[in-house]
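Only one chain is included here, represented as structure tokens and corresponding to the form predicted alone.
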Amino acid sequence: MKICVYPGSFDPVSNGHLNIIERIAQSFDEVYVLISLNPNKKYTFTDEERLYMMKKVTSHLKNVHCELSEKLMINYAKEKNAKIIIRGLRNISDYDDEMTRFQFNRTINENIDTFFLFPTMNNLFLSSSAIKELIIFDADVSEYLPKKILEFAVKIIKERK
């Protein structure tokens, strides 16, 4: 059985994230979307809200499981019997960060590899931070967020700005 883990903050989940999830769901038997709990990050959405949004936008994908975890990602992957971690790359900054993360992960567990995917062209520039900023300034973000969570995400961001 081919199992992978796709970790991230997903604060909020964007169409770029969803695009990657839908693509990996076609190639793997089981996909675990790990909503990371990083104590060094300040999230706009609560852990439960991020999990709620992810479950809502992936409900059509029967082999996708969404979970929260405070565990080190590589240990979470091992626990799920995943041999692959999926990471999205948008630009050279992402590459630099991911290369460091990849090296640490391989040092901890050389049996788990990392695959990098690029989002499609219309999602290449998306970032959750940029989307939140656009919402604060009342821009239309309907192109960037999944329709199933658009109203919910916009409402929360405006309330908490």
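Bear in mind the structure is a predicted one, so any value in this text is a computation, not a measurement. Heads up: residue numbers just count along the shown sequence, starting at 1.
Keep in mind that the form predicted in complex with adenosine-5'-diphosphate is missing from the display, and what follows is about it.
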> Looking at Glu67, Asp113, Glu30, Glu98, which is the one with a non-hydrogen atom within 4.5 Å of adenosine-5'-diphosphate in the model of the complex?
Replying inline: Glu98
>> Within 4.5 Å, heavy atoms only, which of Asn109, Asn38, Asn63, Ser127 is in contact with adenosine-5'-diphosphate in the model of the complex?
In response: Ser127
> Would Gly16 count as a contact of adenosine-5'-diphosphate in the model of the complex, using a 4.5 angstroms cut-off between non-hydrogen atoms?
Replying inline: yes
>> Taking any heavy atom pair closer than or equal to 4.5 Å as contact, tell me whether Arg90 reaches adenosine-5'-diphosphate in the model of the complex.
In response: yes
>> Please tell me whether any heavy atom belonging to Asp94 falls inside 4.5 Å of a heavy atom of adenosine-5'-diphosphate, as the geometry stands in the model of the complex.
In response: yes
> Is there any non-hydrogen atom of Ile24 lying within 4.5 Å of adenosine-5'-diphosphate in the model of the complex?
Replying inline: no
